[in-house]
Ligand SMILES: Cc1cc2nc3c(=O)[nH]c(=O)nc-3n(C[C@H](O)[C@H](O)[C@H](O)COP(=O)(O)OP(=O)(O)OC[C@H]3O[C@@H](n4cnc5c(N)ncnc54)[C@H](O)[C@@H]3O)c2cc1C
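Here's a solo chain for you in structure tokens, the form predicted alone.
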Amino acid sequence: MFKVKFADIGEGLTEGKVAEVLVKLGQEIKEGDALFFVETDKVNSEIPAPVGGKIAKVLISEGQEIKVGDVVIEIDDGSATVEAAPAAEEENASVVGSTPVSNDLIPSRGPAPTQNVAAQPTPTPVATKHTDIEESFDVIVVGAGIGGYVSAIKTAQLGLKTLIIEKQYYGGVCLNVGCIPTKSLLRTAKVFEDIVHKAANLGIDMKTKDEPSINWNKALERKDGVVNKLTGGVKVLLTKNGVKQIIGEASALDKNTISVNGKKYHCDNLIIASGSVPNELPLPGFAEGRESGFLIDSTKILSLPKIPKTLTVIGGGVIGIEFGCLFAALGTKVTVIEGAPKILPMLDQDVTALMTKTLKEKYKIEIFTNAKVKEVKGKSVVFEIDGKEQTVKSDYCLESIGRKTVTKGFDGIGLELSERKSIIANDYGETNLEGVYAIGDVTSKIMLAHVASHAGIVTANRIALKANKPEAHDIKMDYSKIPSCIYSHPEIAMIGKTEQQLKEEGIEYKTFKFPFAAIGKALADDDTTGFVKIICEPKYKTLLGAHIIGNRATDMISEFTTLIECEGTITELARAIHPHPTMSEAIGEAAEALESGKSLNL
């Protein structure tokens, strides 16, 4: 057992205050790993471990005053008990060299040590004073994705000097390899599908018998053009609003000091918007599959050299189903492997049932549920259902199993993380560190672009409000009011709770489902698949949930989002005049049925 004593860390000091304990009981550490952060009148410093091993005892806590020579931590290094600083008149291992110490010291001025160290809240580390600062800012934003650039623009507009740092590309995942390029290709697929399957029904005869074909390279060029236009627009907006921009990988030296490209920048407030990356399965053959190019993620699938004849999708969630629809519409034979009992398990059961039927019957997508993926062999995926092993072979396999947060560069400043390694933040974006905020995917709350952008506005206002800026507003995130959209064919959109959730929670409700088949605009468009489903509280008729599947679903959901934000009721929704002929008439029809108990058109 190795007893670590607090050493003299310079200029003959006799005591210091523990700013942060960086280790926990039972934690394995290496020699040189930081044990705790100490603050003194002369210097602030991290104290390294003199040996490696397992933390056996932590005898200090945040805010505790300690004296040079106090035993602060015990490390089980497999040896007999040894003290890092043996006794008076012997030498102590110091951060700045061997220094004679005495155990006869001035009594501590601080409070008695707290007994239950493990129960203490995550401490706030003390910032080291850096003398080589390049420039200081009111706000530094790390990550120029949709959350980051919106927060940077907003803080600048609110009168705060702002710097944004981006390591790869403006616009982040959404603009570059997510929402926008995916929707661009989905549009190509939808037009192609309409020409092939609907043109004749709409009275359009082809001049030749040859069916239209996809110019994949041209589709990719269009996709890249849309991306470049939007990302270029982000740069213009940042510059127009006076936000300084740096390209490079940032890391936090402490909560007020950011290092990038070998230079240090000071900030009063730090906004972490570092985003997420695709998850990877650690299964046999998967590493080899990625290396060979057979196993791809949601980024690589956007730049395939040609449309595959066959595609396997691991994961029947939002991303997997969107890409499955896209390539199935282009003629690819798609197979979906999902571990849950059904695809899109987060959706209302009525929506999932119709979507599953559409994928199977219209797009001929083969769907395996309750499936356990075992391994990748060459160009085949091996999975198991009810104990029986099956194999599916394809040109490519899309690994679509969610995303994981990116916190690299911020793991040494004392941020409180969840079990998923995401940064814990409240509804203002505030973390456990004063002046440090986290927004978007890095918080793992709801990984959607519009959630990140709204969080950017919320956090910007919070910072400006604390800085006494008169234009700032006290607003916060309300995750119960977030709409979700899936850009499949047909589209899906929802807000609030599903009928199944309400049943499980024992909440009384009324619901009505109005089909698009009874809507004139849907018939005129030759696209009647789907419905609007509204769920309300029966007494006051407040909205509990809204679920839409069909053409224009993602545009129509905003009417419900506004209703919830304004605390409106189904009565007001029914009385609102919905223009004719539009798809939105289905909303008015469903609301009227819930209001009066009778449908006008069914």
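When you see a residue number, it is the position in the sequence shown, counting from 1. Remember, predicted model here, so these are calculated numbers, not experimental data.
One more form of this protein, predicted together with the ligand, exists but is not displayed; see below.
- For the options S422, T356, T257, T182, the residue carrying a heavy atom within 4.5 angstroms of the ligand in the predicted bound form is T182.
- Between the ligand and the residues V173, V376, I463, I140, the one pair within 4.5 Å by heavy atoms in the predicted bound form involves V173.
- With the ligand omitted here, the record of contacts in the predicted bound form names 161 to 169 of 197 to 205, 307 to 315, 161 to 169, 261 to 269, defined by a heavy atom within 4.5 Å.
- A residue is said to contact a partner when one of its heavy atoms sits within 4.5 Å of a partner heavy atom; S274 meets this definition for the ligand in the predicted bound form.
- When contacts are judged by a 4.5 Å heavy atom cut-off, K333 does not count as touching the ligand in the predicted bound form.
- Residue contact with the ligand in the predicted bound form: F294 places no heavy atom within 4.5 Å of it.
- In the predicted bound form, the ligand sits beyond 4.5 Å of every heavy atom of E399.
- Shown here without its partner, the chain carries H454, F512 and E567, none of which come within 4.5 Å of the ligand in the predicted bound form through any heavy atom.
- Within 4.5 angstroms of the ligand in the predicted bound form, the stretch 225 to 244 places no non-hydrogen atom at all.
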